[in-house]
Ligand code: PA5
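Only one chain is shown below, in structure tokens, and it's the form predicted alone.
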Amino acid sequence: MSEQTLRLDYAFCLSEALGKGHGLELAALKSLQAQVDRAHARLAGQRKEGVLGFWDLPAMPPEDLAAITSEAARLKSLADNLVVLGIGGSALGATAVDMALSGVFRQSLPCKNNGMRLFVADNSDPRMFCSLLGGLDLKRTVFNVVSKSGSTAETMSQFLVVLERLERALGPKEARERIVFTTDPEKGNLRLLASREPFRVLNVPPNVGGRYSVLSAVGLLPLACAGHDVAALLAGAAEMAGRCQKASLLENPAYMFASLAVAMQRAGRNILVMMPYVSDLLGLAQWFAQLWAESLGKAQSLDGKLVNLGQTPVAAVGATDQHSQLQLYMEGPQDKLVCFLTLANYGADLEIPALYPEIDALAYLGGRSMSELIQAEALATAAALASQGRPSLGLRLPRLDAQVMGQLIFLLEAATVAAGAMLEINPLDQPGVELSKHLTYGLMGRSGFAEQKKRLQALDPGARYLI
């Protein structure tokens, strides 16, 4: 295997490193192969049936990719800024990749590769949205509305505000030139609007759910607009897809990630911390939090039994959160599995000057580099946890570019559905989210949701418990 390939390190999940009574014995790990075999058969069947639509995205037909990049080129000819109106899976993936490749300060610095500044407005918070719209020149801004159903309250409220403002500033015709829909190919409110008015539309495959959609037009259009190599992103995902088709636990990184997470969850480790030692991967950790939580937090098993399963994901960043969360991880409850993401080549480095040699606490840093320091901190943190019998996984990235991000995204998506198969729950739906949506519709007066409003009013205790 090439040293330019993402690798999974699971040594600190084994009792050999954690000590007797902690972690898994190697024999116990290998015994998980029987569960993996059942999961592998289930996933193979689902792929054949077309259920796992995300698995086919890396092999996107050239004409589909060309349609996305062509639309990106048109948008770049019109404006300097792209605002994505979307929430959850319609927003987090594009943010994760853009942050990883352009950096956490990307919106304050000159754009790379002749790209646009990418903003993702993923909340109906009026303070945030007013600030964003007030700070942008609408004549130099275009908008991508992302919703498969076209009924997402947060996204559609933003769309209506933006359309009115663009019409006032530029006129109805130009306003519609500056708005692109990404939605279901056949149904939904955005598709309905596009059939009536000249909005441009890109398709989301019906069998690709929002949190698995970053490698579709949902993520690829904004990333292409931002100047990223979306073909390389897909190529990296395709490379990982090949590795994730292997039936052997010891050869398939997605199956190993899923198996260890499930085994640790069954042992009481109900929290999974994603902790990259790269600030630019904070967005990736946040994207993973939705992927893992919404996919695997389920009340019922496939056969209808009440199981209330779920491993709570937490996004952290090293070395920052060594100084905010590590105390809890080291000495708090034995209920966590930590996944460290480390980077072999940061793509930039700084030598630490050898100043104040008479001060021991500073002298040892002189002549070393900042990449050496953060790599040492990552290894030391994992080793410190292991010394207390606390397990961790390691995802080792050779560098941070579009191809490696494609590998990483696909690995985590494949691991998620594999974990769902092992837990015998459905990792593709999200029934628990619907009630909150329906109650919101009721409060806002949407037709057909009056009973939900009454239900919420019945639950409201009023001012009795206000201080």
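Numbering starts at 1 and runs along the sequence shown. Keep in mind that what you see is a predicted model, and the values were worked out from it rather than measured.
Another form exists, predicted together with 5-phosphoarabinonic acid; not displayed. Remarks below refer to it.
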Contact with 5-phosphoarabinonic acid in the predicted bound form for Gln430, defined as at least one heavy atom pair within 4.5 Å: yes or no?
yes
In the predicted bound form, does Ser102 have a heavy atom within 4.5 Å of 5-phosphoarabinonic acid?
no
Please check if Ser216 has a heavy atom lying within 4.5 Å of any heavy atom of 5-phosphoarabinonic acid in the predicted bound form.
no
Arg38, heavy atom within 4.5 angstroms of 5-phosphoarabinonic acid in the predicted bound form
no
Position in contact with 5-phosphoarabinonic acid when the complex is considered in the predicted bound form, options Gln290, Asn81, Gln322, Ser371, heavy atoms within 4.5 Å:
Gln290
Considering 5-phosphoarabinonic acid in the predicted bound form, which of Arg399, Lys30, Lys437, Arg47 comes within 4.5 Å of it through any heavy atom?
Lys437
Contact stretch among 107-115, 323-331, 205-213, 248-256 - heavy atom within 4.5 Å of 5-phosphoarabinonic acid in the predicted bound form:
205-213
Taking only heavy atoms into account, state which residues of 86-106 are within 4.5 Å of 5-phosphoarabinonic acid in the predicted bound form, ordered by sequence.
Ile87, Gly88, Gly89, Ser90
